[in-house]
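One chain comes next, on its own, written as structure tokens: the form predicted alone.
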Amino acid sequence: MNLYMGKMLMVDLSAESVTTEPLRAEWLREYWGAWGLALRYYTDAVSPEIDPLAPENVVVIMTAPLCGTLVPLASRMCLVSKSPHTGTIFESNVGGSFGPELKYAGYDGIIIKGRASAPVFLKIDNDRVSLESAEHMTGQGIFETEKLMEAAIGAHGAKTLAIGPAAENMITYSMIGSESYRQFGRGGTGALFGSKNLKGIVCRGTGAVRVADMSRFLERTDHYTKNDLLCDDNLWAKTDGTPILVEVTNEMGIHPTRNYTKGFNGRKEQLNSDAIQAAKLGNRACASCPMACGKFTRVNSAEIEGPEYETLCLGGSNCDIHDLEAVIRFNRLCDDLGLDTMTCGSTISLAMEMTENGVHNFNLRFGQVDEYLKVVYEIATLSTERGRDLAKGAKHLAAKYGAEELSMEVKGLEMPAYEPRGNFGMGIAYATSERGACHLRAFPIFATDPHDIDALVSDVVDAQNANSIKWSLGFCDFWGTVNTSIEADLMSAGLGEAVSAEELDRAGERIWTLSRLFNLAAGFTAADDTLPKKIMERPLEGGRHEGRVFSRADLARAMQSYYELRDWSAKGIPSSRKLAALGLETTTL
């Protein structure tokens, strides 16, 4: 097959078996790859009511059709399952080189079910695939686990996915690390592996991805690389990377500070792009990427690839920590122990506010570095009472101590680092995201009017549909100007079949709608499309939008407009007309 390897790896950990199955070719022109195709496999395999941590739950890891080719920024790989942190359907994607390596080994994806009787890791060496004991890796951090798996396969440069102690303890915001500093973040991907006694996956592949017409494929790839990717709209990723957003969001007044109390950090210069550049050792790129947005940094003995913007804000400004060395140490601890930095930072900032407001004394206060770093290990290892409390995440922590008005989450997922009171579009995006508060489904921070609800609803719907197909084709967020016309042209050249922008647009909406159907069947309703109480009732302090709230009335108007634009009922249920238009009328979940 052109662009696809035509084969899925099927792993049953309970039965200790590894087999292969042909790729479901009948789904490819509707779901394409990565997010979409993994979602289709997942919804076919499990009931929406399944316990995410039960052996019967399934984890689908899927590459994308352009992954492993020379198309730049197109080798991201997705994981789809039900989140143990939120109970929603969720997708997470990771860059690096694991995706291409898996295809070079001959597989489009991996479907994992069951639970091993003892810790194991999956070893993929082209067509030689086996389950190996990981008992000697138990308790090891991600960095050491990756080295042990690489040694086990006997090939330097083999690609890895691994979990740390946090996932072994099934902390619901633990993550899977890849190549040290890349992650399947958010939603508890690590706990899914931990629940299956799966310590990791190591892969070596020596094959190649076939395209229909190599000359045309290379010509179109070169054309779009020179004339679209490498333009001023995208080159910020190459020069600065995501830390540039520290200045941007402060200027906009949407930079969360002190647990989303303020929209501006008066000491931002200590965490901004200039600070990162001063600490930078070098750059690092994913497969087939000329942007190399990863920035290796070191301050004194603290070293890491990063921190990225979300960590600088949620582990920095939002905790009132302005010491870059401390944020680097926080980031490195999370990456090695296997914790999502966004949720971990948000939960710590909540505990800081609860301590300072007299709700409960966690011995965590804004700006206090020692305890801020110490508690990360306690969370990952569940070694103290406060560590066990914070390991549950913001929603459950706030509920335990009656401080729901301070918890900053949607559907149980802690909010990203863009303040909704300063940009209603981000609030609409958070409220309607399938996996809870997420900035990767829609990102309207550059809207002309950040409080024009009707225009922002339209922007959010368009972006959600566009990103659903963008992630399904494996593109990176940082090719910001790529669109379905470019995607269709590249896919046509690779497949040797005509692909239109219109069918990709339709596929994006289909994928988004199928996610909605899963969540509805799992018990979520329109009442869950909401925002934290603090956003709706407490005026923002500091910055350009001081005094603003995103009121309940404004949110209700936005949701009504959103449902109407999507042709969903007032209860947020897709109409039969819409389902028929998307080919989902016979879908049963």
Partner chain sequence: MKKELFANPDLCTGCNRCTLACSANKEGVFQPSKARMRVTNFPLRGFSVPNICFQCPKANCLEVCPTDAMFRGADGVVRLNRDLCSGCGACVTACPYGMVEQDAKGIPYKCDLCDGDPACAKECHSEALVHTTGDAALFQLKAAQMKTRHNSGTPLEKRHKVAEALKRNSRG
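Here the structure is a predicted model, which is why all the values come from computation and not from measurement. Residue numbers count along the first chain shown, from 1.
There is another form of the same protein, the form predicted in complex with the partner chain; it is not shown, and what comes next is about it.
**Q** With heavy atoms only and a cut-off of 4.5 Å, decide whether residue 33 touches the partner chain in the predicted complex.
**A** The answer is no: residue 33 has no heavy atom within 4.5 Å of the partner chain.
**Q** May I ask you to state whether residue 378 is within 4.5 Å of the partner chain in the predicted complex, using heavy atom distances?
**A** Residue 378: no contact with the partner chain in the predicted complex.
**Q** Flag residue 216 as yes or no: does it have a non-hydrogen atom within 4.5 angstroms of any non-hydrogen atom of the partner chain in the predicted complex?
**A** Although the partner chain is absent here, residue 216 would stay clear of it in the predicted complex, with no heavy atoms inside 4.5 Å.
**Q** Tell me, yes or no, whether residue 207 is in contact with the partner chain in the predicted complex, where a contact means a heavy atom of each within 4.5 Å.
**A** Because a heavy atom of residue 207 falls inside 4.5 Å of the partner chain in the predicted complex, the answer is yes.
**Q** Looking at 311 to 319, 366 to 374, 152 to 160, 240 to 248, which one sits within 4.5 Å of the partner chain in the predicted complex if you count heavy atoms only?
**A** Among the listed stretches, the partner-contacting one is 152 to 160.
**Q** Quick one: from 382, 285, 455, 302, grab the residue that has a heavy atom within 4.5 Å of the partner chain in the predicted complex.
**A** It is 285.
**Q** Tell me, out of 406, 211, 466, 333, which residue has a non-hydrogen atom within 4.5 angstroms of the partner chain in the predicted complex.
**A** By the 4.5 Å criterion, the partner-contacting residue is 211.
**Q** Select from 295 to 326 the residues with a non-hydrogen atom within 4.5 Å of the partner chain in the predicted complex and write them out in sequence order.
**A** Stretch hits, in order: 296, 298, 303.
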